[in-house]
Each structure stands twice: as structure tokens, then as C-alpha cells.
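The chain below stands alone and is given as C-alpha cells, in the form predicted alone.
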Amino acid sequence: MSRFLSISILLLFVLHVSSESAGEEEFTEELLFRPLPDRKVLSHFHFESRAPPTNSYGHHHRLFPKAIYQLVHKYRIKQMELSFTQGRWNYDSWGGFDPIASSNAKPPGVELWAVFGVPPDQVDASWKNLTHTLSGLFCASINFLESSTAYSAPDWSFRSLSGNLRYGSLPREAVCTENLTPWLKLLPCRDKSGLSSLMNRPSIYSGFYHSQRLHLTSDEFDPVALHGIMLEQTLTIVLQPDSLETHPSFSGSRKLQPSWSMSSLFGKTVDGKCALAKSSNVYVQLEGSLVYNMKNTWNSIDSYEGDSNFGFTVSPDRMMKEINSIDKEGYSILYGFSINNDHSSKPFDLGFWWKLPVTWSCVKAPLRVSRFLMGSGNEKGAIALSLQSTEWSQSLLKADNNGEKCNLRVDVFQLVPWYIKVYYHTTKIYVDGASQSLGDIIEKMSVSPSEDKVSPGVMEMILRLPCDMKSASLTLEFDKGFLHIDEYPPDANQGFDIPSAIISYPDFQTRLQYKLDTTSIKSPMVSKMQERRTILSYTEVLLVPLTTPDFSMPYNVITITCTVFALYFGSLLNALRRRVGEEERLRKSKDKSTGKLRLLLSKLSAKLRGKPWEPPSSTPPSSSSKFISTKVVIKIILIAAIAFGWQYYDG
């Protein structure tokens, strides 16, 4: 019987261990490089941590950050995204029709949105608590989003999400190493080993654009939880490489793109992967337009005798895999390198050398969007949203074979602070310079007007624009409000920011499609790039000047008031505390100390002059006391009169 019990316990233990191993935590790290047309390089770090459901694994984790796990369970978060961005994504030069631009091109400052799995009456309280927690976790001013004047609840236009969703943005939030360090602490190896060791602070913050992003997805509160919690951390940087030694086999009139390496971009090399990472890969992606232009350049140069059909060299020459993906303008190429076997004695340093001069352009979004202010003065103004067609939107007309009218759907989401009082009934739309009826262009519109010191103004709109248009514009008039003196920021004269508007194109989705079957490739970053994503872009942040008081006046009033009161109370206390008798005794004691010397001198003087000596006469104390008391009374009356007059005229 005892043997049977021991065997049963052993079997149960084996089953328990096998069930836990089936749901183990995973951590992967990846890095993607992409040359850009304006002689810059895009570096995209991607870290992914997965934790199985709590009901099958338990509350304790080996790799997944405990702070994020507690955050999910305390506030019942289903989805959350937080980004810290410095700079603005250049949609014309760096592209807008690819997965990285749609998911990692963020507005300046801080952007936060979250979906909660709580009853609707508890969403606002969960949001406020979440902002305070994230503010302390990432050492930022995210707690400013707790106020109802700083966040909104989009209905249907924001990322096709609905329900218990809250969105907020802080355009003026500065991004520095104090925000990056807590972000790195969420990684198992931090920045001590693996790809995260490349994150040299001077290299990152000297770039033209950098955005650190944290995306959280959880199904912990589903009755049938399958995936658990997935944490995706990305860092997107645009750097200007220092030109390395170029290939000597070509010298032409056109200038070569700058060559680069990991050590030249970040000043470091990778000594090996993170010991806790399941996989660690580095990729180099060449867009389809770049590959197409390189082939044309190579064919047009007869004197060039290269060893490849392409005008570049990649080092080291140990590619893990070469993938051809289908792009809008042809086949793009994705080179993969594994650093699982690298170590400190044999570090990994990826290098990219150009051999031919080549020019190309990234695939742009369907429309080029910009936003600006109209009007002058500190009373009224207008917000203008400009939409201009690109090569991609012009090709839609050629693809329309049914003969029906082609329309381009554009979703607009705009959040306006309460002190910018927008008059939504003044909305005007122009297409190719001609005014249009709102009913012909606007398919759906939802407006939530602002309420003073309570809530911001929110506008959600679906536009149906003709595909053959060249340009379109939308204008909204507004009045500038007045703030209380306590509501002005320290740099009020700089102006007030209106967060970026979000423009999306639901009819257009982008993803990375492979030419061949790639079931053997198991890369979280590449898998994310294969998912369909709606094209998304952000407009500029508007800077609105408001009427500001002269902050030097309160300062001057406070200063002179404090000075007068100090003189008044100081003189009054000095007069009240001074005693005439003590002064008289003090004078007499001084006279006694000098009396003997004075008598001796007077006797000596009388003997020298030959006259009889007479004792010196002293002033009667009664007259001195009367004089001093009269002086004190006059001073008290004068100070009281000054104080009364000041209070009367100041009141």
C-alpha cells in the first residue's frame, strides 16, 4: 500500500511538472535595422515577455516583471499602451505604409490608452489609479492625466476599440534617461547583456527620433484563458551614422549612402544574447523600392563588376536566413542573424557597406496630413486640417474597374483642451479648393463639446473623400478661454499645446507578406509584422498662445507689501520693547566708568589755567526722560498712521 501511494505521488508530481513546463514563461529579444532614403538608419528593438495564465501557472514568475503582473491584476487591464517619444516621425522620408510606422510612430511626449475589465462606473477610478502608478513606475508626470480635463473616452474611431477605453496625451512631457531606466528594469537582463546592452544613452538621445513603447495584452480575466499576459517593449530610434570607409570599386558623380555598423551607431558591440532569452536575433530589412532601384542602378552601370546583384555588403557573412517578402513596389529582403552562439571573446558587430549610389523613396500613407492654426490675436482662431494625395492614393483610381465612384475613407480623432472653445457648427470642408456640403463628405460624426474645467472637447469623424482629389481641408473655428492665475504653467508665455490628431485609414491595411512558405521562422517581431495593421498617422502638435497676465505684478505687490509690513512690525516692536529706565541706568553706568578720568582731567586743566577747580554739572534726569518719552510716542503715532493709510488705500 505504501509503495502504491509513493508511485501515485510521483506520477502526480510528474504530471504537475509537465503541465507547468507546457506553460513556461518566454522572453525573446530582436533588433531590426533599415536604411532610410535621407541617409539615416532606423533601429528598432523588440522585446517580448509572455506569462501563462495564473490559473495554470500561479502568481510567481521567473522572467515576467512582477510590477506589470500586479498592475494587470489590481486594475483589471485588458489592453494598455504607453509611449514616451522625443521628436516627430517624418512620414515623407521614413514612410507611413509599413507595420513599424503604423505601430511605432508616436506623437511627441507621452501617450497612454487602456481598456479595463471593470464595470463602467469604475473605469474612471481605475484610470486615475493607473496614471499614478505608472507615474511612479516610470518617473514621469503621467499623473497629470488623472484629471477629467486631460483624458477622453473615444466611442468608435480610435483603433477600432470600444467599451471601457480611456485615452490621454501629454505633448509637452520631456523624455530623458529617467524614463528609460525603469523601462529597462522590466527586462530580465536589463541593459547588462544581450541586445539591450547596445542602448548607449548619448547615442539614443542624440538621434533625430526615438520612441520607447510598452504594449500590454491580457486575457487573465477570461473564464477560458489561453494566452495569459503578453508584454511587448519596443524602442524605435532614427540615427545619423558616421560615414565609414566605403567600397573602393566604385567612384562616380553620385554620392554613396553612409555605411554603418552597430559599433558606429551605438559605440558598442554585442557580447552574446541574454542568458534568459529564448532567442536573440538581428535583422536587416531592405524595402522593395530600394531593391528595385538597386537592380536598375546595377544594370545601368556597365563598367561595374561586382560579386553580387546588389550594391551593398553585409558583415558578418553568416546569415541565418534570407527572406523575400512582397512589397508594394516589388520584393523586399529581410536578412536574419542569430547571436545565440556569440560571447565576449567573439562579439557580434553587424556592418553594412554600400558599393553603389542609389536613391529611393519609402512608401507613403494614402494621404499626407498636416494641421495648423489660422487667425491672429488672443481672442479667436481656427484649426485647419490639410489632406493631400500621394502616389498611393492616386493609384486607387486606376485599380477601380467597376466604374463606380471611388471613395477614400478617413477616420479623424481629435482631442481639444477645455480652454480652446471649439464651435463645431462652424465646420467647413473644401475639396480641391471648392467648398463642399458636409452631408456629401462626412459619413458619421460624434462630437462631445468641452465643459469648462470639467472635460475636454472630443471630435470623431468619418470622411468619404473622392479618390481623384488632389487636396482637401477641414476648418473649425474656436475662441480662446481665460484661466485662473493658479492654472497657468510656469512657462505660460510659451503657449499651450493641443495634442496630435489621429488619422486612420480603415480600408488600408499593411503587413509583411512572404514570397515563400516561412512556417519554420518563429520570430515574435516578424510575426507581428505579418499581422494586418490599419494605417495610422499623427498630425503635428499645435501651440496656441493664450492671454496671460503680467506675472511680475503679483511679485512686485507681494515684495513691497512684505517690506512695508517688516518695517512696520520691526519698528513697532522695537519701540514697545525699549524701556527708558534701562537706557538711563545704562547711561549712568557709562558715566561712572568715565567719571574718574573726567574729574582727573578737569582738575589738571584747572591747575594749568590757574583757576579754582569746580565739579562738572550733570543734566537733570527728569528732562532727559521727558524728551525720550516724547520721541517714542511720536514714532509710534507716525508708524500707526502709515500702516492705517497703507491698509486703506490697498483695500
Partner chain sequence: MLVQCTMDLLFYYRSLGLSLMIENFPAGDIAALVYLWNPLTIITCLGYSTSPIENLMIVLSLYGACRRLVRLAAFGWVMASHLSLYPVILIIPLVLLIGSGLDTPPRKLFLQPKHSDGYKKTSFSWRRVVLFFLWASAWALYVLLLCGISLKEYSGLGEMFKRTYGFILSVEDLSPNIGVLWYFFAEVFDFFRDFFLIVFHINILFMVLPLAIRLHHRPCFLAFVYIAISSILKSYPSVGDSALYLGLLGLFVNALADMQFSFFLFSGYLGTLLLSPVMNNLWIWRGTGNANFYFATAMAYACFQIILVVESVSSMLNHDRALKKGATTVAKKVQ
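Positions refer to the first chain, counted from 1. The shown structure was predicted, so the numbers you read here are calculated from the model rather than taken from an experiment. Definition used throughout: the rigid core is the maximal C-alpha set that superposes within 1.5 Å between two forms.
Just so you know, the form predicted in complex with the partner chain exists too; it's not on screen, but the next bit is about it.
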Using a 4.5 Å cut on heavy atoms, which of P506, P449, P316, P554 is close to the partner chain in the predicted complex?
P554
Exactly one residue in V291, L71, L483, M230 has a non-hydrogen atom within 4.5 Å of the partner chain in the predicted complex; which is it?
L483
I need the one stretch from 97-105, 543-551, 333-341, 74-82 whose residues put non-hydrogen atoms within 4.5 angstroms of the partner chain in the predicted complex.
543-551
Indicate whether R166 is a 4.5 Å heavy atom neighbour of the partner chain in the predicted complex.
no
Please check if K421 has a heavy atom lying within 4.5 Å of any heavy atom of the partner chain in the predicted complex.
yes
If you check in the predicted complex, is P223 within 4.5 Å of the partner chain, heavy atoms only?
no
Can you check whether S345 is within 4.5 Å of the partner chain in the predicted complex, heavy atom basis?
no
Looking at the partner chain in the predicted complex, which residues in 365-388 have at least one heavy atom within 4.5 Å of it?
S376, G377, N378, E379, K380
Does L572 show a Cα shift reaching 2 Å between the shown form and the other one after rigid-core superposition?
yes
I want to check S435: does it shift between the shown form and the other one by 2 Å or more at the Cα, with the core superposed?
no
